[in-house]
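Before any questions on binding or motion, here is one chain by itself as structure tokens, the form predicted on its own.
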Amino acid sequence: MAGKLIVLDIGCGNGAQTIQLTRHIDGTILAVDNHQPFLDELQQRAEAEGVSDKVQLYLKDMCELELAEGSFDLIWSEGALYNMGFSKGLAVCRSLLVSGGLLAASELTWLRPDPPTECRQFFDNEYPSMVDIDTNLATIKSSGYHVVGHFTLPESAWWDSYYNPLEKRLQSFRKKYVTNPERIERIDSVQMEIDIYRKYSSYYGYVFFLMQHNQL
């Protein structure tokens, strides 16, 4: 991969990882999300960090990217490919990568084969297609990639920047919307997700996979 890298960040959200990528690459990043407020926040972050020249924003559904095949050296996707389905996401990304290009993606994964009934039932509803690490690795290989490596994100990655601040906001939302049954139902749903992780974090987690497009 000589020269400047061309990177695609699929499901970039508000771009915390996008900004981190700009610090480690010589090239440009096309940051894709279907929520304009997230892209607006990313634009502000990029300008504040002095890296706006490295980041291009693209408001688009990841299932309808309409990008040229074989045009990216690296594709990055944190907790987003599940929106397409992991297998389909791998295929879409492979078509967009140059031969030998890299894909870094995280996927919600069973870490143990014996989740308690409450945990299993929760994900039968929320993410029924979740599988274990070995199955994901086999899917990656059968999708035309060489597995470079993988690791499980630590529990701190869930709590420090996501669940702890989210739980505090839920408390304030619960007071604000106490007379709104629909909002309270949604708040309860998010709280249940947090409670499930609090009780069963050893059974599932995000696994980050790094893979390389098999060269022709």
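Quantities reported herein were computed from a predicted structural model and do not represent experimental measurements. One rule holds for the numbers: they count along the sequence shown, beginning at 1.
Not pictured, yet referred to below: the form predicted together with a small molecule.
Student: Hey, of 163-171, 23-31, 177-185, 55-63, which bit sits against the small molecule in the model of the complex at 4.5 Å between non-hydrogen atoms?
Tutor: Correct option: 55-63.
Student: Is the small molecule in the model of the complex near all of Gly11, Gln17 and His35, within 4.5 Å of a heavy atom of each?
Tutor: Yes, the whole trio is in contact, each within 4.5 Å by some heavy atom.
Student: Though only this chain appears here, would Gly144 touch the small molecule in the model of the complex if you measure heavy atom gaps against 4.5 Å?
Tutor: Looking in the model of the complex, residue contacts with the small molecule do not include Gly144, since no heavy atom lies within 4.5 Å.
Student: Taking the shortest heavy atom distance, is Asn83 within 4.5 Å of the small molecule in the model of the complex?
Tutor: The answer is yes: Asn83 has a heavy atom within 4.5 Å of the small molecule.
Student: Tell me, yes or no, whether Glu78 is in contact with the small molecule in the model of the complex, where a contact means a heavy atom of each within 4.5 Å.
Tutor: Yes, Glu78 lies within 4.5 Å of the small molecule in the model of the complex.
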